[in-house]
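One chain comes next, on its own, written as structure tokens: the form predicted on its own.
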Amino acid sequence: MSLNFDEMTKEELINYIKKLKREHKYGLVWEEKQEDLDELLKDNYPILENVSSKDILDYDGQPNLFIEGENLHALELLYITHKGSIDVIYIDPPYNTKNKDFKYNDKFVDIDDSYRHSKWISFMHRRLKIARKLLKKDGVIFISIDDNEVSQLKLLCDEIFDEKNFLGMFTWVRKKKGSFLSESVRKMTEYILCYRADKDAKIKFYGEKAYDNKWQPLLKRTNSLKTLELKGNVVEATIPDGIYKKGEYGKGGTMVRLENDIEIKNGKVITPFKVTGRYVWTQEKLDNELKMGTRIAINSLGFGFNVFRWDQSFKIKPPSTLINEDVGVGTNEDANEEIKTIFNISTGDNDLFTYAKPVSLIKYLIKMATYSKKDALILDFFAGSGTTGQAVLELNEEDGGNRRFILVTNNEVDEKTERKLKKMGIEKGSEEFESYGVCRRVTYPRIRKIIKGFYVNKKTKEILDEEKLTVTKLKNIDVILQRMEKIKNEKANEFSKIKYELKNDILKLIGENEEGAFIKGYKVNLKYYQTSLLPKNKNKDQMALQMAKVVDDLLCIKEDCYELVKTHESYRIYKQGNKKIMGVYSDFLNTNIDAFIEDVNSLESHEKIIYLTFRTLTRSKQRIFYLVFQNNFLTNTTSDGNPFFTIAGRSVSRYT
């Protein structure tokens, strides 16, 4: 709830100002706007429920995760399952552009809302605080934003991630040509803020290969003079064969002095020699490089050495802060065409998702952060059109990586569509209404198509007849049209469409066909979940009973263990290939604990994990668990430290 300053006493106002000074010495100061979603968590636990009909499980290997639901609730759950486990987060949050692109407490925020910025900051603050806790110590987050909130976002992230962890702000060229609607400036760019999770993390981003296939000079004018000694048949040469007398070659800072005569034969200096110049390397450095396989050559009569280093192909340059077509990254127009291709929109505008990012942009960022970490886990909790999922899969295909993604999106219906559905008499919240939401209409269908593969229609054209229309021929246009009409009738069954086209005074009769082409998918799996709410119960035993019925999906995600191999009224057992077994025991009376132990022991696995949903074991049974399973009781909490639920869990390598 917002504060009412008119109703506060003088003392309350003074205390409030003191509190602000303590909490915000420098940076953003805003009035916290409580979210309805946060209010719901006071009386409910967020839970996850698997929608098995939407799972894609066609191959071996661990699945990617897709979560439909409010991202605040999903983040609270991911805090339990993935705290400190995410390598890269990319998000494209609402920009708060004044055009009702941002929904707060189920209402679109417009330019006339005096709390517009406070609502947006409150909205982002809550989510980014959790996001940081999900990152590994060497994890990074990329956040897309534009002019409307970039200043506020930078200060907010400095507070949450610490300004020492700010890695940079990239500028992305989002349009091929700006809009002429603005009288002041043509907006061509957006921004991407990047932070690391921990100041001690050594982050080395990939931009491009450094000096790949390039020889580097060893002379540098500002270096001190050094004399280097080289053996025969070591130095390559591209200058003519022959004998070169000792003496000075070149001039100024790049002059070198041969200390003895040398002979070049068949592209090699065959005599041992010494040479003096302003070289970058010492003798020791040169010797070590040559041992490792570095090549050295004389490429000019100035006798300044060039080297091709043994590890040159592995060296990389960091990325520029400018992201555009020069680094292979597309624009909003490209993103629009990608949506149209995937959803087979051959004509007209794309009205499915207007402000998607191009796959090339997200792929560029992920490659930048995971070039040497190809098994990275990537999270996008503003998944939108699902571009991040496609980018991860495409990048894996290109570099042989095994990255996985977690996508989170709500099923929001945009304001224009909402008004249209209302006029059609379709009630908000109905299944038909929900089918128009972004998740069910765009995000999931796109990811499913990308994984399973999809057909696209490609138009083929054939010119059936043409005529250059001169003044003379226009007098006989009827004859020309009769001829073309005859051809049109004869070819009618061969083409889906035959049309006339007049361009540059040439009349053409064109036949068109649409041919289906199949775009190959990817051999990956996907698990689909929805967030839901479980009302809190003051009776702890009743609450435990209710939680025991719904906790499995959360534990499966936490342990990355999904295949159900044994189900019993008192317990369930899951496995992850031969690597891991997870048992979940939920019998309040503990009447089947022996059968549970026997079933767990019957399965071979490198690692076995046990979860007990109750702590009401009898003393003798407790002793069994402590002795046999070495079990510890653990309490899970939400991101702000409040208790979530209590279970028992212990990972052991084998049971006795």
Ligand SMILES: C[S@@+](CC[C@H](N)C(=O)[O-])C[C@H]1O[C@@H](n2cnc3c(N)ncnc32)[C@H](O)[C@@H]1O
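Only a predicted model underlies this, so the values are computations on that prediction, with no experimental measurement involved. One-based numbering along the sequence shown.
Beyond the structure shown, there is the form predicted together with the ligand, which is absent from this document and is the topic of what follows.
- For the marked spot (70, 123 and 385), a heavy atom within 4.5 Å of the ligand in the predicted complex is present in each of the three residues.
- Proximity of residue 96 to the ligand in the predicted complex falls outside the 4.5 Å heavy atom cutoff.
- None of the heavy atoms of residue 87 is located within 4.5 Å of the ligand in the predicted complex.
- Although the partner is absent here, residue 226 is not a contact residue: none of its heavy atoms lies within 4.5 angstroms of the ligand in the predicted complex.
- In the predicted complex, the ligand sits within 4.5 Å of a heavy atom of residue 353.
- The stretch among 355-363, 542-550, 416-424, 523-531 whose residues place heavy atoms within 4.5 Å of the ligand in the predicted complex is 355-363.
- The single contact residue among 76, 149, 559, 92, judged by any heavy atom lying within 4.5 Å of the ligand in the predicted complex, is 92.
- This chain appears without its partner; in the predicted complex, the one residue of 329, 509, 143, 438 with a heavy atom within 4.5 Å of the ligand is 438.
- Taking the ligand as positioned in the predicted complex, the residues of 409-441 that bring a heavy atom within 4.5 Å of it are, in sequence order, 409, 410, 412, 438.
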